[in-house]
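Presented below, as structure tokens, is a lone chain in the form predicted on its own.
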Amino acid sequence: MNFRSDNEAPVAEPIMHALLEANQGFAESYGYDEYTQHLTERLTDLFEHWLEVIPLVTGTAANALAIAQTTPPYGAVYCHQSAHLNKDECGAPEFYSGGAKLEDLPGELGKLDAETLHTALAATGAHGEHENLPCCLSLTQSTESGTVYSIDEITALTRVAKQPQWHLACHMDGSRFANALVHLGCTPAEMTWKAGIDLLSLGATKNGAMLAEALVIFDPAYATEIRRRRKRAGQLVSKMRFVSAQMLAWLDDDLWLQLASHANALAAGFYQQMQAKVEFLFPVQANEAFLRLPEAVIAQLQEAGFAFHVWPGSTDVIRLVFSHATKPADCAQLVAHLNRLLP
């Protein structure tokens, strides 16, 4: 009964089957295989736009390369204070960019708002070369709080970022992109380049893949020599067909949306059943739930075999993550246990 992380879930069967199929015979290395070429075509059709696809095996690499590609060592990246970019990348964006500064901003529900971003940017410039140059805005979708930016919220933020006096590149950390997309019910294009996003870290690993991520670039201005940057970073996978084959299978027959829909639906069902009895810290909009429970109840759930994270810095807040492999029966047991343990 694992609710610790979607990173701990098994590989979805169609994706594992695709890996076995891709393992037949030889294929050209370093991304010149037919799978990788086909992936570019598939994503171009899916996003309805020219794009450059850089297949990778970690989301950290996708995020860090996006920052390095858009932000020089003397530049600044604006993100939410809880962003994975800021809290969980062990300084990779700063390292890959050669020293760019992360300007972490506050915001309710794990989200930035346009006014806060505008205020922060408007305060720059007075000290000239003594301060970091604003270069990039990074948004996490869905957020580290399990919430989802609306299309209007994304557009409002990118509109501020792209004002001529700043002209920031706009990056989206989409490690749970599919979960956000399912929640909004929009198209991939509407949630990205049509809303002002220039680069996307597209994650499949949390949603059924073994290890498959991609940096997707929508603006050719940010694609120059990205392949050399990937190689220099040690991220050019020699047997790239196995990464691309995963993503192709993930996209086939809308598998990625089916897997995300399953996870989201279980999270939403848990929220609906427990919201009258449990304090949720944030709305449950994707596949994560943060809730406050008595410490004794947390201990009893763990003793009963439920696995989850007690959130760092607290003793009474837990995070539950619902994955493509989470069983409805496990959710039902969790609800039943909470109903028995709580007054």
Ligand SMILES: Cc1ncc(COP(=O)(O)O)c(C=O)c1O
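Keep in mind that what you see is a predicted model, and the values were worked out from it rather than measured. All residue numbers refer to positions in the sequence shown, first residue = 1.
The same protein has a further form, the form predicted together with this ligand, not shown here; the description that follows concerns it.
**Student:** Tell me which stretch of 239-247, 156-164, 171-179, 117-125 has a heavy atom within 4.5 angstroms of this ligand in the predicted complex.
**Tutor:** That would be 171-179.
**Student:** Determine whether any heavy atom of residue 69 comes within 4.5 Å of a heavy atom of this ligand in the predicted complex, and answer yes or no.
**Tutor:** Because no heavy atom of residue 69 falls inside 4.5 Å of this ligand in the predicted complex, the answer is no.
**Student:** Considering only heavy atoms, tell me if residue 59 and this ligand come within 4.5 Å of each other in the predicted complex.
**Tutor:** Yes, residue 59 sits close enough to this ligand in the predicted complex that at least one of its heavy atoms falls within 4.5 Å.
**Student:** In the predicted complex, does residue 183 have a heavy atom within 4.5 Å of this ligand?
**Tutor:** Residue 183: no contact with this ligand in the predicted complex.
**Student:** My question is simply whether residue 287 lines the interface with this ligand in the predicted complex - judged by any non-hydrogen atom within 4.5 Å.
**Tutor:** Outside the cut-off, so no.
**Student:** Let me know the one among 84, 262, 101, 229 whose heavy atoms come within 4.5 Å of this ligand in the predicted complex, would you?
**Tutor:** Of the listed residues, the single hit is 84.
**Student:** At a 4.5 angstroms cut-off on non-hydrogen atoms, which residues of 85-99 are near this ligand in the predicted complex? List them in order.
**Tutor:** Counting only heavy atoms within 4.5 Å of this ligand in the predicted complex, the single contacting residue of 85-99 is 89.
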